[in-house]
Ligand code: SIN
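First comes one chain, alone, set out as structure tokens in the form predicted on its own.
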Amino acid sequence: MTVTIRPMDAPIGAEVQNVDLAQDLDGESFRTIEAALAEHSVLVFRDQNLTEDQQLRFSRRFGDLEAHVLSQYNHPKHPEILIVSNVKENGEHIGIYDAGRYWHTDLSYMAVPSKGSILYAIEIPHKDGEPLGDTLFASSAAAYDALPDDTKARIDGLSALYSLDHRHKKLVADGDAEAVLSDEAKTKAPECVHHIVQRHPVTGRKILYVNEGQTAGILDMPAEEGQALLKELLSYCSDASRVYRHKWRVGDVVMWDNLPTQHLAIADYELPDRRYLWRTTLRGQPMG
């Protein structure tokens, strides 16, 4: 059957139908999916059943993969797979348990942020028959479009500081004593600087590239003024009118373009309700 694309009833996102990601995609199917990702930014594939090798094969069709800097959460046999989970074994987290607690773009704290992410749901918690742990996706491109013209002019050429340590300090301040970042992780992910307005390399759309979790502050202005501007910009990024809310099912594969989107995971579950997913991460290209 021909791969079909069904746009979501939301500003971003589409469901990809009639595709089995366990099989090697033919060229036409791959090009359809690649074009849909550029157009819709978030793609949902339902009812998949993948091995590690099959997820890696599908992911590599879109480019090189990278291992997450928090290496203790990488798959023991496949380091390019990040385990996202609240499960513990022998008292230790087997995966990154606090993933997505703030609006963010994956690896924006790296000098070369990731191009995209692919997340496969293996165990999803439920309550009263409803899934828990929804993920919200917002369009950072639509957020830029919505800015007043004077704000667009004001932020043109500005840069911001991005930091993994900033995210973890927020987690600690919010009561997660386990979230202290190791010295090894700080060394792998030192602070970096990016322009807060980016342009998508395929669509050409301008993107508001700031996020709640990893943007520490705007440079070249007084700290108080910079924080006020950042707060204003973040309100555009997370506006509900620009959000798709994904309700997970076992077998879902969700893929997103990290540049024109940011996302937030709803942490409304806890053990003994288990959540377990695999994430692959596409290596990006240097940007301003």
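Treat the numbers as computed from the prediction; the structure is a model and nothing was measured. Numbering starts at 1 and follows the sequence shown.
What comes next is about the form predicted in complex with ligand SIN, which is not displayed.
This chain is displayed without ligand SIN, yet in the predicted bound form the stretch 255-263 from 59-67, 219-227, 36-44, 255-263 comes within 4.5 Å of it by heavy atoms.
Within 4.5 Å of some heavy atom of ligand SIN in the predicted bound form lies at least one heavy atom of G100.
A residue is said to contact a partner when one of its heavy atoms sits within 4.5 Å of a partner heavy atom; K115 fails this definition for ligand SIN in the predicted bound form, lying far away. Taking the partner from the other structure, ligand SIN in the predicted bound form has a heavy atom within 4.5 Å of a heavy atom of T135.
Proximity of V84 to ligand SIN in the predicted bound form: non-hydrogen atoms within 4.5 Å are present. Of the listed positions (L164, L119, A142, I155), a single one reaches within 4.5 angstroms of ligand SIN by any non-hydrogen atom in the predicted bound form, namely L119.
Of all the residues from 154-176, none has a non-hydrogen atom no more than 4.5 Å from ligand SIN in the predicted bound form.
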